[in-house]
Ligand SMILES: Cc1cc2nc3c(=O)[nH]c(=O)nc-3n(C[C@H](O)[C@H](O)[C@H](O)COP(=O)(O)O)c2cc1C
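Shown here is one chain on its own, the form predicted alone, set out as structure tokens.
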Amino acid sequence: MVQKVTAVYFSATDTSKKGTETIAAAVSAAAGCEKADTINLTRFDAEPARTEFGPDELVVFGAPVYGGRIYRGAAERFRKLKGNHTLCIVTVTYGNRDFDDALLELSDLVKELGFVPIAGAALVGEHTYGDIQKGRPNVEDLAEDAAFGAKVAEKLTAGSFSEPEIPGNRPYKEGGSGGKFHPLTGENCVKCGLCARECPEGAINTVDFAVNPEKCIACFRCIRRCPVHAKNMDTPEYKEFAAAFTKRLAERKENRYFL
């Protein structure tokens, strides 16, 4: 029986964080465990509080989809972890286009690390670019996540640890890298340093707080976190792209769960 549940995630804009933590909390509560732990591996200097997990634990992994694959930086961080026949749930978050091979890739990765996937989810979240699936995951999405977590707990109680059928292809498609749009820094920057501290790849210097395009993954975490809105993407090129992208991905997608 599972004694402890931990949510482990990379989540630049907190969409993966919300789903992963909600599922972990629901499993933990339904299974009668103590409050679920969290390990946030988003920041460039993030180090996991724990690196090894036992056979009486369950880990919920969460990562964003970048071009149909899990973001390569998330994969690098997850490789610091080791399971010992540790049960797990794999989740990926995507912004309404498709999750392609990402969920399968994450499942394959964690198996290499000693974890045993017993469930998976492809969760819809607000896209980094444009106005796509604004506000998601919303209350209804998180309620679906919680219900899924409760079903996983039922699977645990029944002792049914079979691996779910997860869609995707091998070899995986090309992807996993960041985008091409790199945030600018406005003259109203107050040099508080928050953007530099929070950047997933350490791409922002601490002198003028400019973004290094060679390191930036275009996650826009700095834009969302800047308290004075100095970080921005106010260029004609981006605005034109965002408008077309929003129109192309206007159709609503639903979360998908695999048990």
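Throughout, we count residues from 1 along the sequence that is shown. Computed from a predicted structure; not experimentally measured.
Form predicted together with the ligand: not shown, discussed below.
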(message) Using a 4.5 angstroms cut-off on non-hydrogen atoms, would Asp131 count as touching the ligand in the model of the complex?
(response) no
(request) Tell me, yes or no, whether Ala12 is in contact with the ligand in the model of the complex, where a contact means a heavy atom of each within 4.5 Å. (result) yes
(request) Check whether Lys155 has any heavy atom within 4.5 Å of a heavy atom of the ligand in the model of the complex, and answer yes or no. (result) no
(message) Against the ligand in the model of the complex, would Pro55 count as a contact residue? Criterion: heavy atoms within 4.5 Å.
(response) no
(request) Name the single residue among Gly168, Gly178, Gly83, Gly73 that comes within 4.5 Å of the ligand in the model of the complex, judging by heavy atoms. (result) Gly178
(request) Could you tell me which of 123 to 131, 157 to 165, 83 to 91, 139 to 147 sits within 4.5 Å of the ligand in the model of the complex, going by non-hydrogen atoms? (result) 123 to 131
(request) Give, in sequence order, every residue of 95 to 122 that has a heavy atom within 4.5 Å of the ligand in the model of the complex, or say none if there are no such residues. (result) Gly95, Asn96, Arg97, Asp98
